[in-house]
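A single chain comes next, written as structure tokens; it is the form predicted alone.
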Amino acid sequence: MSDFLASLTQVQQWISSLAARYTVFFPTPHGEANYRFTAIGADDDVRFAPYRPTITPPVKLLVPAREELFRFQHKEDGDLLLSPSVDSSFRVIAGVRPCDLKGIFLMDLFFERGVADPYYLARRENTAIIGYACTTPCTDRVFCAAVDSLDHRQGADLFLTPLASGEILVEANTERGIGLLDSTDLPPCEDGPARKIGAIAARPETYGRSFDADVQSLSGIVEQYWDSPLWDKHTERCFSCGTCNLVCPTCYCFDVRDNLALDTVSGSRTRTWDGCMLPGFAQVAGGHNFRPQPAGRQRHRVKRKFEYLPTKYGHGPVCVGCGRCGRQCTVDIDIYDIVHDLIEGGKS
């Protein structure tokens, strides 16, 4: 809609001013080597670099680890009183990198298609997103370019691109984004598209890890493999702890439980994160488990990311190439290595 130019100092001061007015989440250091999206104050430091992927992606702010869906109470006259727990508070998530922006875009599809999820959609509707372009790979784990995430912009109200001049190109993509700039006096940028092309051209020619196959062919390659020793190879040291699911920007499975207070015949219904790599995930009433072995669970996980959901939604791989699963895995199992081996197996 509109492009503006700003200095880094202006952008930092602007985000701090937003934190004085709204709840603003921004990637901040956690421990010696990690980052997390945390709520910042107006006096907190706002630094875009150095950066590495946060432990959990920003989309998890829209899908809490534990979420109350509603409260219920049986009244004395026999009626049941239900009180939905929909969160419609406004928030800003700033400093969202393209891979995580694509993760949010995909989660929007998952939660709005079919039976729409009012809890996620209420949070999403009341969340403004400020994206930030990557100019160099943030870690040696990333393969965002290989899965078409590096240049993702859709879903950001505002998008910031650092330029070689030291300035920052500010793209306002929505009316809400323009509204967030109302406290600034940034000069318009007439050649914004050209400057953006220049910033993209200045990136390293080889950006992160790559596959020896184009992104359009990945779904077809993964589809070929069902009974393959590769699934056992990549799970022989797996603890089935589910960490890969918990840090993934596009994992959204959950379990639902009722919490009862029997003395008052009341309680609440909550949902919590669940994951397909956990041993009991595919267990049903009666005790049967459809995927009792880690290899079967790993196959399901990879096929969902690279075959099932890409076929259903038509937006390419559902893995965004952030590298979190491999980085957080206790035994260094990396979905990139699995897909790489599938590609190489197809050549033999």
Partner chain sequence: MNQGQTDYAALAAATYLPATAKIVEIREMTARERYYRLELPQPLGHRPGQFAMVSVLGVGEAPISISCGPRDDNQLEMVIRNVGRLTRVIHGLKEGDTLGIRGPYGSGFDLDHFYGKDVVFIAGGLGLVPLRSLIIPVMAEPSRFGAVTLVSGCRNPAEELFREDLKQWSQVPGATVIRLVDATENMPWKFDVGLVIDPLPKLPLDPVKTVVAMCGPPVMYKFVLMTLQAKNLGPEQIFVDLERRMKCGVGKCGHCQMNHLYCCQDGPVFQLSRIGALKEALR
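Residue numbers count along the first chain shown, from 1. In this text, rigid core is short for the largest set of C-alphas that superpose within 1.5 Å between two forms. Because the structure is a prediction, the values reported are computed rather than measured.
Form predicted in complex with the partner chain: not shown, discussed below.
Is residue 125 near the partner chain? Define near as a heavy atom within 4.5 Å, in the predicted bound form. Judged by the heavy-atom cut-off of 4.5 Å, residue 125 is in contact with the partner chain in the predicted bound form.
May I ask you to state whether residue 271 is within 4.5 Å of the partner chain in the predicted bound form, using heavy atom distances? Close contact exists here: in the predicted bound form, residue 271 approaches the partner chain to within 4.5 Å, heavy atoms only.
My question is simply whether residue 117 lines the interface with the partner chain in the predicted bound form - judged by any non-hydrogen atom within 4.5 Å. Judged by the heavy-atom cut-off of 4.5 Å, residue 117 is in contact with the partner chain in the predicted bound form.
Given that the partner is absent here, does residue 63 sit within 4.5 Å of the partner chain in the predicted bound form, heavy atoms only? Taking the distances in the predicted bound form, the answer for residue 63 is no, it never comes within 4.5 Å of the partner chain.
Residue among 197, 178, 121, 164 with a heavy atom within 4.5 Å of the partner chain in the predicted bound form: None of the others qualify; the residue that does is 121.
Note which of 229, 220, 84, 204 lies within 4.5 Å of the partner chain in the predicted bound form, where distance is taken over heavy atoms; exactly one does. Looking at the other structure, the residue within range turns out to be 84.
Given a 4.5 Å cut-off on heavy atoms, tell me which of 145-153, 72-80, 95-103, 180-188 is the interface stretch with the partner chain in the predicted bound form. Correct option: 72-80.
Contact check in the predicted bound form: 21, 26 and 49 versus the partner chain, with a cutoff of 4.5 Å between any heavy atoms. Do all three pass? The answer is no: none of the three residues contacts the partner (heavy atom, 4.5 Å cut-off).
In the predicted bound form, residues of 312-326 near the partner chain [heavy atom within 4.5 Å]: Heavy-atom contacts to the partner chain in the predicted bound form: only 312.
Rigid core fit then residue 121 CA moved by 2 Å or more between the shown form and the other one: Stays below the 2 Å threshold, so no.
Does superposing the core leave residue 78 with a CA shift of 2 Å or more between the shown form and the other one? For residue 78, whose C-alpha is compared between the shown form and the other one after core superposition, the shift is 2 Å or more.
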